[in-house]
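Taking the form predicted on its own, here's one chain by itself in structure tokens.
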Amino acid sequence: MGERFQLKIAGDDLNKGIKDFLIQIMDKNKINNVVVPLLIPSKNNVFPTFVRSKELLEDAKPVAPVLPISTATMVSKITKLSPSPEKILVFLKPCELRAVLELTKFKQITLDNLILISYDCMGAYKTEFYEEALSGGKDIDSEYVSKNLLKGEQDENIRDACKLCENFFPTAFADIGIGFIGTDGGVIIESNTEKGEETLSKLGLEKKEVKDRDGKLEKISRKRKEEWEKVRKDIKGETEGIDNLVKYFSKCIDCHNCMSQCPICFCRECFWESPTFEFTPLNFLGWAKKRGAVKLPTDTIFFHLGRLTHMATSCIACGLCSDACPNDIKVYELFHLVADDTQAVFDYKPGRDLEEEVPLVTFKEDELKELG
């Protein structure tokens, strides 16, 4: 395992080349199903789509630089109740791959008969930016491929979370990894698991030696980590103390969009949307009498602090929370900050290893003794 192969792309259309590669996998391995980014019928955006008919893959855009929703959330909807009786290829961005790993640990995804394929991702645009480009007839996918994917450069219009992402390449959890960076302008395919090795063995790909890839990936990752440290310092200053924290979330309207888009938030019965927060007029009259006034909506800081304590150890820093915020609150930055510190305490990295126990559901008697 870990062998690298060369994928030959006819022409310069990378989306078409990857799509043809997926079809080849399906044909050679007798797989009928794939989850892949596909143009929606209006042709102005791309969403993860469960495809059975190969003819519809004509509109597939596997490396489309947009993240309207996490594919991991959709995979959970498909496999949570039972494993799939048929094989399904699942094409994912690296952050989505990490989310799949975490959700698998929480028994929200069943991996049986899933073949996970991920790739080097130099980031995604905000959904509205990408939609505007497509609606205006701009070939934004080709520009992204040539300037970002194949050259390893970063577009200034990419989402803030993507600019700071240190884990933008497939991990060993991906059955099959696709690499563009440090490949001398080519495309390399890597098998990381027995399932991936078996799948690729039927394709007759040529082995490929790549010397500079790991070094170039490390260089980009190191640069992004340095940028994150600067952002981290700023956010820490902005949120230190209760007064600053209240100011930071002052525009929150309690819409819960950040929670609904978070791939790690999956509770069937959510505390924040339970009868606990259904109040009578007497509640408000009592609070107003005691305090003089009650800010509406109530409990916004409580909501964010509760979410932080619930999912900080498994936050994968995908940034979908900030994308979903209608008031542009920097939710991602604060959650990433708290997640970094929390994960460091437990020496835990979400999306690193399927066998690594999740701190939230693991009790260790000798843990955190320094806290008393």
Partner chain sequence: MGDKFEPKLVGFFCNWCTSSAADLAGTSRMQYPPNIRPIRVMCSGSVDTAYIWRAFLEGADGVIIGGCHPGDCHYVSGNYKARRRIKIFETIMKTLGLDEKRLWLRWISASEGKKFAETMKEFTEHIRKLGPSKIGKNWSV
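Numbering follows the first chain given and starts at 1. It should be emphasised that the depicted structure is a prediction, and the values quoted were computed from it without experimental measurement.
The discussion below concerns the form predicted in complex with its partner chain, not included here.
Undergrad: Can you pick out, from Val331, Leu337, Cys318, Val34, the residue that has a heavy atom within 4.5 Å of its partner chain in the model of the complex?
TA: Only one option qualifies, and that one is Leu337.
Undergrad: I need to confirm a contact call. Of Ile69, Leu56, Ile40, Leu305, which residue comes within 4.5 Å of its partner chain in the model of the complex, counting heavy atoms only?
TA: It is Leu305.
Undergrad: State yes or no: in the model of the complex, is some non-hydrogen atom of His310 no more than 4.5 angstroms from a non-hydrogen atom of its partner chain?
TA: Yes - in the model of the complex, heavy atoms of His310 and its partner chain come within 4.5 Å of each other.
Undergrad: Any of the heavy atoms of Pro350 lying within 4.5 Å of its partner chain in the model of the complex?
TA: Contact check for Pro350: no, nothing within 4.5 Å of its partner chain in the model of the complex.
Undergrad: Is there a heavy atom of Pro359 lying 4.5 Å or less from a heavy atom of its partner chain in the model of the complex?
TA: Looking in the model of the complex, residue contacts with its partner chain include Pro359, since a heavy atom lies within 4.5 Å.
Undergrad: Given that the partner is absent here, does Phe129 sit within 4.5 Å of its partner chain in the model of the complex, heavy atoms only?
TA: No, Phe129 sits far enough from its partner chain in the model of the complex that none of its heavy atoms falls within 4.5 Å.
Undergrad: Within 4.5 Å, heavy atoms only, one stretch in 173 to 181, 146 to 154, 159 to 167, 245 to 253 touches its partner chain in the model of the complex. Which?
TA: Contact criterion met by 245 to 253 only.
Undergrad: When its partner chain is placed as it is in the model of the complex, are Ser118, Lys138 and Trp228 each within 4.5 Å of it, taking any non-hydrogen atom of the residue?
TA: Answer is no for this spot.
Undergrad: Could you run down 330 to 358 and flag each residue that has a heavy atom within 4.5 Å of its partner chain in the model of the complex?
TA: The stretch touches the partner through Leu334, Leu337, Val338, Asp341, Thr342, Val345, Phe346.
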